[in-house]
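A lone chain, given as structure tokens: the form predicted alone.
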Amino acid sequence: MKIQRYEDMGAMELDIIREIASIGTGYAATSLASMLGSEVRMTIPEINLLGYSETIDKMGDPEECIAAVLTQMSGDVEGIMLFLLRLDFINEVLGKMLGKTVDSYEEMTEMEISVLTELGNIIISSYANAISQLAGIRIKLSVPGVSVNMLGGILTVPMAEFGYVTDKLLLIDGQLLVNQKRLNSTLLMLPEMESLNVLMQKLGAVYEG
């Protein structure tokens, strides 16, 4: 049977997501290394399919302030990608790019937000390119939007978008190593169900009915 909800995905489907994630992390590391002029490596990604509360439990305090970059996918795959960033990650990039850091999200100027947007765009585009390459399909990404909010508030965005068909979130977790410094990386990749089925079939999943 075709996938009706994210929780219908089994080992085969999650292995396909893991393959996409592995290629996407490689692309992201290469692009970030070029952007920062530094050595960047990424750990093997971990794939998690979690509910809203489970996601918060995994990531930490629901009232923790966090930044997120959101992009809409269209074309052969429709849905959203949401890249989450904490202040240590942001400051590592700002230090390399602008020679300065910030003590809080509120301190970020238009220039720093522009750098943050570009960072998220690089990460998200890397995964979109991995999907396109593997499946031979076309994905168009919207102009990325940046939001700073409490973790619990940020995660309500995908739940509002997909809550009518699923109560699960698909997370790609990993760590970036920038000059040996470890930075946590979390991407939510949430294709719509029809798009998810198209993607799975393109990449070898066979369904009856």
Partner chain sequence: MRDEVKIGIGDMKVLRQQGTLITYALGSCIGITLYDPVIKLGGLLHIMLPKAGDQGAATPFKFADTGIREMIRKMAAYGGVTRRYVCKIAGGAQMFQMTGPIGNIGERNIASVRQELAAQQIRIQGEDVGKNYARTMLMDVSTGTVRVRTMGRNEIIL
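Residue numbers count along the first chain shown, from 1. For clarity, every value in this text was computed on a predicted model and none was experimentally measured.
There is another form of the same protein, the form predicted together with the partner chain; it is not shown, and what comes next is about it.
Choose one stretch from 145 to 153, 180 to 188, 23 to 31, 38 to 46: the one whose residues place a heavy atom within 4.5 angstroms of the partner chain in the predicted bound form.
-> That would be stretch 145 to 153.
Would you please decide whether E161 lies within 4.5 angstroms of the partner chain in the predicted bound form, comparing each non-hydrogen atom pair?
-> Flag for E161 set to yes.
According to a 4.5 angstroms non-hydrogen atom cut-off, is I80 in contact with the partner chain in the predicted bound form?
-> Contact with the partner chain, yes.
Evaluate T101 for contact with the partner chain in the predicted bound form, applying a 4.5 angstroms cut-off between non-hydrogen atoms, and reply yes or no.
-> So T101 does not count as contacting the partner chain.
Classify L176 as contacting or not contacting the partner chain in the predicted bound form by the rule of any non-hydrogen atom within 4.5 angstroms, answering yes or no.
-> L176: no, not in contact with the partner chain in the predicted bound form.
Spell it out for me: taking the partner chain in the predicted bound form, does every residue among L170, M193 and M200 have a heavy atom no farther than 4.5 Å from it?
-> No, the whole trio is out of contact, none within 4.5 Å by any heavy atom.
With the partner chain left out of view, which of S114, Q133, Q72, N91 would have a heavy atom within 4.5 Å of it in the predicted bound form?
-> Contact residue from the list: Q72.
Mind listing which residues of 99 to 125 have a heavy atom within 4.5 Å of the partner chain in the predicted bound form?
-> Only E106 sits within 4.5 Å of the partner.
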